[in-house]
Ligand SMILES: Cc1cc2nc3c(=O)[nH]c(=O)nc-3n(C[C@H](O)[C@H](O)[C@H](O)COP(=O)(O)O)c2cc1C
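The chain below stands alone and is given in structure tokens; this is the form predicted on its own.
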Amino acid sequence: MEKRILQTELCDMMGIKYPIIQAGMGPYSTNRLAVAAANAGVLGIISTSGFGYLRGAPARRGEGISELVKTLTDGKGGTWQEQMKRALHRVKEETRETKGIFGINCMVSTEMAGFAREIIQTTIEARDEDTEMKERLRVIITSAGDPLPLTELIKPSGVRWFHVVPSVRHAQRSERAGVDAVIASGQEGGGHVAWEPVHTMVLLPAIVRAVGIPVIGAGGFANGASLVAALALGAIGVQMGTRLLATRESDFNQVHKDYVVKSGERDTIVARGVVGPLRWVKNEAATEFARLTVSKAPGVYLGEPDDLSAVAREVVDMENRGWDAQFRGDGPRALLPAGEVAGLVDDLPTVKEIVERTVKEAEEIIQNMPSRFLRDQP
């Protein structure tokens, strides 16, 4: 009998082999990670937030910035739009043999709204200028903001559009905006998280029940068991961030990867970030930053949203120093985004190894589940 393989609506929609999305984690470009993911048969995503350093927004500068810029450019100069297009073309070229499928992630919060529109327009232009790009750059994923103002920009382009949501209300608004799918991101996820601490086990099925469009799970996914759990809760696939950050091909620096690998399930902490709450590895810098957040930006823990213009200068300055230390590889002083799932990460494999391991485990669980839990009636 021919072996049955794990294939969901996400695979059919995107033309990928396995129902997994590699998260676009900033501020690094995730170019190399996207190539490895696409070549492994999942959806590779290029983070675009780092290009703000080339544009001049957000305005964060320090000694470590040159280290970040090295990961964003090819050294040929030009405008940030030209450099971004060249990055898209490099990903296209390096996934040509496998015909890998990829896309971009773009934060669209109030603080980033103008830049986000430029990023999206640049992406659409790159697709329109190149037939192969249009075929294989198949999705724009927006996050951390309101998708509705972007409908008239994205929908006419024909590119698929996913939006990351932290609540039922945001998912319903995304559906009205015309997105093709929503990514339900629980608060255990790494990097930017919701103002209200709603976790994946509750959030994902609530959103599946509330909308008529496909739902993808994010926050807490690192292996085959969690992939099966997401499918059981009604998702068509999962987005993995922290697990794929800790891989050999990841664009993130080695210090960051090492912290993730050695972290336990209790070794993350939430404090203020650029556009709201952000989950960090619990090191010396993050613990100090959380204390400052308690005193200067307590809305993070009370579910009271603010914007960057209302945040105390001390908080912004300390975050900037933490990012700069990250770029320099100064572990104790670095602010290092990661999800709670870091507690399940204990090795540094290739992306292909992670994907194959995850899918094999998921298929075995699904195939063995009837014999484990179903009994014949006497």
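We number the residues from 1 along the sequence you see. Keep in mind the model is a prediction, meaning the values are calculated, not measured.
Form predicted together with this ligand: not shown, discussed below.
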*Heavy atoms within 4.5 Å of this ligand in the predicted bound form: which of the stretches 145-153, 240-248, 168-176, 302-310 has them?*
240-248
*Contact label in the predicted bound form: residue 24 to this ligand, heavy atom within 4.5 Å*: yes
*Determine whether any heavy atom of residue 105 comes within 4.5 Å of a heavy atom of this ligand in the predicted bound form, and answer yes or no.*
yes
*4.5 Å heavy atom contact, residue 338 to this ligand in the predicted bound form*: yes
*Indicate whether residue 259 is a 4.5 Å heavy atom neighbour of this ligand in the predicted bound form.*
no
*asked:* With this ligand taken in the predicted bound form, which residues across 203-236 come within 4.5 angstroms through any non-hydrogen atom?
replied: 218, 219, 220, 221
